[in-house]
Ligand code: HEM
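The chain below stands alone and is given as C-alpha cells, in the form predicted on its own.
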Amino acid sequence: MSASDFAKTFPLGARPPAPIPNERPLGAVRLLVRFWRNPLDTWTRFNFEYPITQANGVLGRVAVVCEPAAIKRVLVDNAANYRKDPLQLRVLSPGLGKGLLTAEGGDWRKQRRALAPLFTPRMVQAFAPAMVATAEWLVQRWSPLRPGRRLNVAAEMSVATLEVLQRTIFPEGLSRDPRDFANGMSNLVNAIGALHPFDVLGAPDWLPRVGKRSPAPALKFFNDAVDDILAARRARGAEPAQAADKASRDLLTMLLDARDPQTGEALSEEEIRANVVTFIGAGHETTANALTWSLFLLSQNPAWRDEVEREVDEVLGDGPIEAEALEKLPRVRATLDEAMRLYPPAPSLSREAIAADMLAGEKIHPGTLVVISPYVVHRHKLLWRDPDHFDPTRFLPENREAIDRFAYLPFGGGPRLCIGMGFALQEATIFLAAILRSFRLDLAPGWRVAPIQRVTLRPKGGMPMVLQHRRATAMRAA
C-alpha cells in the first residue's frame, strides 16, 4: 500500500499524544526540573529538524545526533571511540548491576559471547508454544469479564509478559506473584529513572536526593527474589539426572552453564544475578509497553483497526495460533513497529566521546556527551513522512525497505543491539494477534494519555481501556 493509498483509505487522525517541542533551549534550572519530571519535555524543535545539534550546558558539551550515517558511525563504525557515559551508568547500575546492559569493554564482550547462544533464532522459535499458551491464558482470563469492563491494559500486559518469562526462562517460577514483580519493576523503574538534579550534575551519592523515591525497597525485593530463583534452580541441578534433564533447555539453565566460547570462562555470580534482573526487567518491559501503545493507537484509528482485525480473522480463524502464521500477519507486525516508532521502548541512548571525531559534518570534541534518542530520530522531519502521526503502512513489506536501518532504533543498533529483540517481537506479535481475535479495547472515556520517560517510555498513570468481546459483538450484529 502506497502513502497516497493510505491517506485515502485511512486519513490521518489526531496527533498521538506527545509533548510539544520547545521553541528554544531551556535555561539550566528549567532543564533540570524537566529532566526530573519527564525528560521528553526537554527537547527543542531544532532537535527534530537538524541532523545534529550541539550546545554547552549543565551536562557539559552535548551533541544530539539524528543523521543515520552519523548514528552508524557512533554505534558501529567507530564504536570503540564511544563509551557508556557516567550519567547513563549512574541511572542504570543501581537496578541492573553489571549485566549486559551496563557492562563495558572486555566484560561486556565476554558476557555477549556467552549469552548469544541463548537467543538464537532457533532458540527463540522453540519458545513460541509457551508464548502462545500464555496468550491463550490471557484470553481465557479476560473471557468471563462483562462487556464494558475497565482494565488497566499497561498492568495487564506487564503481568502477561512476566508469565511468559515464567514459562520460558524460569520454569520453577519467579518465586513471587507476577503481579508483585510487575509492581516491583514499576517502582524500581520510577525510582531510578527519575533524574534528580543532583544525578544530572554528578553530585556525590552521599548528598540526599530530597523528593526522590528511594530504589532500596524495590532493589531488596528483586535481590531476594533472584536469590530464591537461583537457589531453586541449583537445588534442581542436584536432583537425579531425569529431573535435571527436564529443566536442561530453559534459559536460566543455559545462563548458569554459559561459557565464553573464546576463553571457556563462566559468568561470575554478580554477572549471573545482574543478567537475571535484566532478563526480568528488559524482558517484559519492552514487550508490555509495545503492546500497550499498540492497543491504544488502534483504539484511536478504527479504520486501521478494522483492517488488522480482518487480517487476524482470515489468518488465524478459530484454530490455535501456529508459529508459521506469524509471517502471514504483516499488518499486526506493522502496527507494533509503528507503535515502537512513536513510543520506542528505550527512548534515549548516550555515549561519551573518547577522542575527537566528525559526525554529520561537525567536529566532536573529546568528552562530548553524544545523545542518540530513538524518540527524536523516529519523529525527525528529515527522516519520516508525517513523523508525528500514526501510519503503520510505512512498515508493510513493500514499504519498509525504504527505511534506513539507522533511522529506526527501537532496540538500539550495532554490536549492542538488544540481544532479546527476536524474543520480544515474536512474543508481541503472538499476543497482539490473540487479543485482537477475541477482544476490542477502547480508551476509557475522559482519560488523558501522556508518555513519560522513566528509563523506558510508558504511559503516565497506566492505560485504562474498556473491554468488548468482538465475537459476541459480531453475532449480535448478524
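A residue's number is simply how far along the shown sequence it sits, counting from 1. Model, not experiment: these values are computed from the prediction.
The following text describes the form predicted together with ligand HEM, which does not appear among the structures shown.
S.K.: Taking heavy atoms only, is Thr286 within 4.5 angstroms of ligand HEM in the predicted complex?
M.R.: Flag for Thr286 set to yes.
S.K.: In the predicted complex, is there a heavy atom of ligand HEM that lies within 4.5 Å of any heavy atom of Trp137, even though the partner is absent here?
M.R.: No, Trp137 is distant from the partner.
S.K.: May I ask you to check whether Ala407 falls inside a 4.5 Å heavy atom distance of ligand HEM in the predicted complex?
M.R.: Taking the distances in the predicted complex, the answer for Ala407 is no, it never comes within 4.5 Å of ligand HEM.
S.K.: I'd like to know whether Pro178 contacts ligand HEM in the predicted complex, with contact meaning heavy atoms within 4.5 angstroms.
M.R.: No, Pro178 is distant from the partner.
S.K.: Counting non-hydrogen atoms within 4.5 angstroms of ligand HEM in the predicted complex, say which of Ala360, Leu326, Ile169, Leu369 makes the cut.
M.R.: Contact residue from the list: Ile169.
S.K.: Please pick, from Phe35, Trp43, Phe411, Phe439, the one residue with any non-hydrogen atom lying within 4.5 angstroms of ligand HEM in the predicted complex.
M.R.: Looking at the other structure, the residue within range turns out to be Phe411.
S.K.: Which of these stretches, 396-404, 137-145, 338-346, 300-308, has heavy atoms within 4.5 Å of ligand HEM in the predicted complex?
M.R.: Heavy atoms within 4.5 Å of ligand HEM in the predicted complex occur in 338-346.
S.K.: Check, residue by residue, if Arg112, Phe279 and Ala282 all come within 4.5 Å of ligand HEM in the predicted complex, counting heavy atoms only.
M.R.: Every residue of the candidate spot has a heavy atom within 4.5 Å of ligand HEM in the predicted complex.
S.K.: Enumerate the residues of 107-130 that have a non-hydrogen atom within 4.5 Å of ligand HEM in the predicted complex, in sequence order, or give none.
M.R.: If the 4.5 Å heavy-atom criterion is applied to ligand HEM in the predicted complex, 107-130 yields Trp108, Arg112, Phe119.
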